[in-house]
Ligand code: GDD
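Here we start with a single chain on its own, the form predicted alone, put down as structure tokens.
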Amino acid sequence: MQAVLLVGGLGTRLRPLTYSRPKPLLPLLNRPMVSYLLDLLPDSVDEVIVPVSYMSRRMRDYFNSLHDGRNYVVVHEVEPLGTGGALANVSDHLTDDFLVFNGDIVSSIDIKSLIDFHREKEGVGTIALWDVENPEAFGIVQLDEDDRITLFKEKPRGSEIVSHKANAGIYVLNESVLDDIPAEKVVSLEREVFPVQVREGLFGFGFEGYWVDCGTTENFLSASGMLMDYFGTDVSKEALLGKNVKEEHPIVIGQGSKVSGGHIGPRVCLGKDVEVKGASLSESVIMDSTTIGKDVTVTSSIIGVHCVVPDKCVIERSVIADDYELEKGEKVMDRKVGMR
């Protein structure tokens, strides 16, 4: 079976972190975000097709580095074509039923069960569904008693909200769906394809566990915390924590990192070779090779790789771009530092 990873976007909502890397390679708990999608694939998936545009060489290098027995086909897009246009762009590679994943989704879905459900229903497609509190931010569906989708509405408002069952960005589709997607155009599966395919036979598959859309800096940070809550603390054997460090779990600390004092946690992820000299860190992500000085406070923030945060700085609800050095005592509140 084949799977398509929709990872070709520019990652604008995750800037400034995506100025220096494609979105799928952002480190989520010190692993490339896209690796969580690959973990979901059952053995029956032997080929993965990846349409990419932004930083396509970086993406190609990553997939070429994988040696898991699957064939990875990276297909270049001159410019991002949307979720539907990307499928049309790789249609020559697709046969029979195939899986599709939005590239910024992290979830616990059982893909084998999704495939079995799809084959049992014999529809043109199956959409994974997740119950959400605020349907206005998602595409929602209405189901009949046989789990057939009778309505698909992207980002409903007011009276359009007929359910809380949201599109989870994971699908099994029949190749016949490709016939309704024009080539070489920007096309949205959610707005232009699925509402039409409802009458052809789309079904909805709900699941439990966890699900999060990592497409914004706020959601990326939430995903990091959620995964730590779910999987617990993970401190590398090659990390060093001083005796005076107060730990509040869960935390994740990468190889070679050193924390000599202060308070760390809860829900703090330190990358590789991070040095923390004496700070209070909570609900935050500090990426590889960054240095945090003494008497520093970091709360609900993301700090990129190779950054320097000198003594007495305060960072709250902010994002710091890679390779950025703050001034001693600088305060950063509700900002994205390093935007171009």
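In this text the structure is predicted, and so the values were computed from the model without any measurement. A residue's number is simply how far along the shown sequence it sits, counting from 1.
Below, we turn to the form predicted in complex with the named molecule, even though it does not appear here.
In terms of contact with the named molecule in the model of the complex, the residue from 207, 211, 72, 117 that brings a heavy atom within 4.5 Å is 211.
With the partner removed from view, the residue among 174, 217, 91, 102 that has a non-hydrogen atom within 4.5 Å of the named molecule in the model of the complex turns out to be 102. The shortest heavy atom separation between residue 139 and the named molecule in the model of the complex is within 4.5 Å. Although the partner is absent here, residue 331 sits far enough away that none of its heavy atoms falls within 4.5 Å of the named molecule in the model of the complex. Contact annotation: residue 270 falls outside 4.5 Å of the named molecule in the model of the complex, judged by heavy atom distances.
The closest non-hydrogen atom of residue 155 lies within 4.5 Å of the named molecule in the model of the complex. Contact with the named molecule, judged by heavy atoms within 4.5 Å in the model of the complex, is confined among 166-174, 196-204, 107-115, 230-238 to 166-174. Along 173-207, one residue reaches a heavy atom to within 4.5 Å of the named molecule in the model of the complex: 190.
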